[in-house]
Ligand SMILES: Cc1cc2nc3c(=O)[nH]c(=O)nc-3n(C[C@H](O)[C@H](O)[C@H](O)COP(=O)(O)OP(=O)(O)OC[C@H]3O[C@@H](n4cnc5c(N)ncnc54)[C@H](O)[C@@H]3O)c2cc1C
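For reference, the chain that follows is the form predicted on its own, supplied as structure tokens.
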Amino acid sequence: MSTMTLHTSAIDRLCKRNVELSAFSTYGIGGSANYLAMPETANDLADLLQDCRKRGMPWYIFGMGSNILFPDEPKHDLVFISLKNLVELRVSGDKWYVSSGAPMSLLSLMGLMGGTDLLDFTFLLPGCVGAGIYMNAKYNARQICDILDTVYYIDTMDSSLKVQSITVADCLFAYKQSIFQQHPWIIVGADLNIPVSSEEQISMTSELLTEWKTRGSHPSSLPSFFSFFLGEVHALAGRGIETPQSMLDIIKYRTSKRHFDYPSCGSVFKNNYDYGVAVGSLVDQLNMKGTEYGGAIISPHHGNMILNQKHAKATDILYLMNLISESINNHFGFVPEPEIVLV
């Protein structure tokens, strides 16, 4: 009688079952997912995708869930894959390598520890690096593409699912756009064009990364996110690394707009630069701030934010999005493009 070795499939090995997606989105919204995985390596991610292929099961990739509206009733066979545990920040050759699950805000503190202000704009951007690259996240005049050298990705149409690379010049970056929106590619990391400052910067960055992994990464909560990074800035100040004015201005702006008071996903619509007026200002002109529906409300402090005020459902958010979209189209002649990703 032959002995047969049984191998646990990647889905069985890596997936949790019946997980509430609300804990994986800064909106605090989302029904129960039958399958949810958080791979910690690119190899585990590739194994998971191969297994999904074999079983004919669709998947959905996301990061920290800071720009996503999950459905109230997810599809039963959909495998949700969060990359928020794919977190690494290390020196590769003479460049910094950062994996896609690392928070963008981590970069600002790394820069602070290295004496450069080139990464200050990422401070308190509530998302991970992979998603930031995908949408070319920006704050004021600076964009993620400004700090990239090479991006590493998996092409899901490639049967080998091996990690490939592309230079920043070939990524077709524009306002909130990139080549990754045009192909079934999954970003797994990137080399930065930011110089490595010192061994001390490397050591302090390693400490910071350990802190994030142990107490900062779960759940996808805006208050927890804000508390973690504000605390780390204060800790660095206590070690003699002064908080620059650019970061103080970001703290002042985001707290004045109450960005972290309620669950949300930040700006709901992209600004239409052809029209020349920010969507939030148009909503203000229409006197729609403070409009409520179900458990959702258009922020009284920022017209381009819809908050989860009282255990909102996805349908509540969608109702207010449609209301804003129709009102702007009726009064100003264009339909605003959603920035939030609707799953």
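All of these numbers come straight from a predicted model, not from anything done at the bench. Numbering starts at 1 and runs along the sequence shown.
Omitted here: the form predicted in complex with this ligand. The next part is about that form.
- Of the residues given (L112, C265, L106, L192), C265 alone sits with a heavy atom within 4.5 Å of this ligand in the model of the complex.
- Exactly one listed residue, out of M135, L208, V79, L161, brings a non-hydrogen atom to within 4.5 Å of this ligand in the model of the complex: M135.
- Although the partner is absent here, Y60 is a contact residue: one of its heavy atoms lies within 4.5 angstroms of this ligand in the model of the complex.
- Under a 4.5 angstroms non-hydrogen atom cutoff, this ligand in the model of the complex lacks T122 among its neighbouring residues.
- Shown alone here, N308 lies farther than 4.5 Å from this ligand in the model of the complex, counting heavy atoms only.
- In the model of the complex, at least one heavy atom of C128 sits within 4.5 Å of a heavy atom of this ligand.
- Within 4.5 Å of this ligand in the model of the complex, a heavy atom is found for all three of M64, H259 and E339.
- Annotated contact segment (heavy atom within 4.5 Å of this ligand in the model of the complex): 66-74, selected among 289-297, 48-56, 66-74, 311-319.
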